[in-house]
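The data below hold one chain only, encoded as structure tokens and taken in the form predicted on its own.
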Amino acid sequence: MTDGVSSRVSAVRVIAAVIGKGQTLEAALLAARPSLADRAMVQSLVFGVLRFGHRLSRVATALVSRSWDSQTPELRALLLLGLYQLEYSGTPPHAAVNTIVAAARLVGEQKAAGMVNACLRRYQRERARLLDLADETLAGRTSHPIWLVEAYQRDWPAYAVPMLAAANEHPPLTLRANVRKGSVEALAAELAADGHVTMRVPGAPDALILETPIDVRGLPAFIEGRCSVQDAAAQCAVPLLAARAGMRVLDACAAPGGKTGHLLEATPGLTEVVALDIDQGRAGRIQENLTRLGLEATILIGDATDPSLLLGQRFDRILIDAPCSGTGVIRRHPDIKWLRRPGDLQALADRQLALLATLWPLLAPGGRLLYATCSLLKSENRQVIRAFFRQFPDAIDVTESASLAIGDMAHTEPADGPGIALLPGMAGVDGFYYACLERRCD
């Protein structure tokens, strides 16, 4: 396969696996195994289609004679990829059409190759009208599922539009300096000497944004454990947790270990950090990251909602980075638009409340528990914390005072409930929610 066809074939297979078979983007990319020469192109095409595919599927629906949902995943992927190339990628029109028609013959859609060709050429002729149809709704204009747009409008009426726009942006590459091995200023100077322009992030003192993203696996500072990749919003967890030397800390739902590493970097002298995760495979990444950083923690594998797992133990600080819908990090994981369903939310909220209820009794009086999600939906955030307060009257919300530690990062609307939300489109960071809860001493 030549002239870009092989990369399109791989991209079609990945897209079909996500939108038609429910695989995560990470798993689908691993299964596709594109060649080294094609890897960057495949990733660019797949991310683009998953970002803008909800808009483009409205165009495709108007182009096909049978219902869109009745088409095979591969055929839908072919049409979305072809439309993406014509509309967003800058691919010359003849190459955009020819590569997709050729790919159709190689992914089992030989009989549909003529139809794909006709649809893409018709789009070129009727582009303005078809896009106008797609853009009649906010969901179409912003390329999001209708249920998610409605949820943002309900939860964040004043911010929904910029949040939706931010979810389609290319995310920055943000590094976190390992202050055990050198200052953020030293890291910035080292990167500048190699030609990398960096920017500081107000409220995240260990963070550096690279103006031009790079593959950090070739960066000496990363290889030697002097920095890690972590968005500035996620870096807020450690100052909000406010652990101190001599404390015992539990990082529940810890994989892949980004917050565990940051906690150990920023807080020398901790008595112990216990990093717990339910997934054995992902827990292995905790150890890999800590080894690279030159740090140590006690790693446990198990279900944090199992009361017997940590029975009789006490912690001065507990971090619950709860499993969630991930709606705050769609710009990094555009497959969330395709994989999440409104029916998922209740089960997630139940799990989140169960984590709080199981781990709260392990917190020492006067200790602090930090509840975090990368979700923007109040059903996973403020509503969960309100339900928790009803169950545990010895809990105090100290988020407002704790948020002084992150300064300008705490950009959000006037609080209408417990915790704070960091909104994408407001401070240029991923979407996150934090609630700092302390246990009464009496």
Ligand SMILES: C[S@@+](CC[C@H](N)C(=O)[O-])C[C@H]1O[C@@H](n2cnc3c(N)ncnc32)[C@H](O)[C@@H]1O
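Numbers for residues come from their place in the sequence shown, where the first is 1. Everything numeric here is computed off the predicted structure, so don't read it as measured data.
Another form, the form predicted together with this ligand, is not on view; read the next lines as being about it.
Heavy atoms of no residue among Arg58, Glu87 and Glu126 are located within 4.5 Å of this ligand in the predicted bound form. Gly302 is the sole member of Gly302, Gly294, Pro93, Pro162 with a non-hydrogen atom lying within 4.5 angstroms of this ligand in the predicted bound form. For the options Asp279, Glu185, Asp350, Asp194, the one in contact with this ligand in the predicted bound form, meaning a heavy atom within 4.5 Å, is Asp279. At the 4.5 Å threshold, heavy atoms of Gly82 stay clear of this ligand in the predicted bound form, well away from it.
Proximity of Ala255 to this ligand in the predicted bound form falls within the 4.5 Å heavy atom cutoff. Proximity of Ala207 to this ligand in the predicted bound form: non-hydrogen atoms within 4.5 Å are absent; the residue sits far from the partner. In the predicted bound form, this ligand sits within 4.5 Å of a heavy atom belonging to Pro323. Figure note: of the listed segments 133-141, 165-173, 264-272, 247-255, the one touching this ligand in the predicted bound form, with heavy atoms no more than 4.5 Å away, is 247-255.
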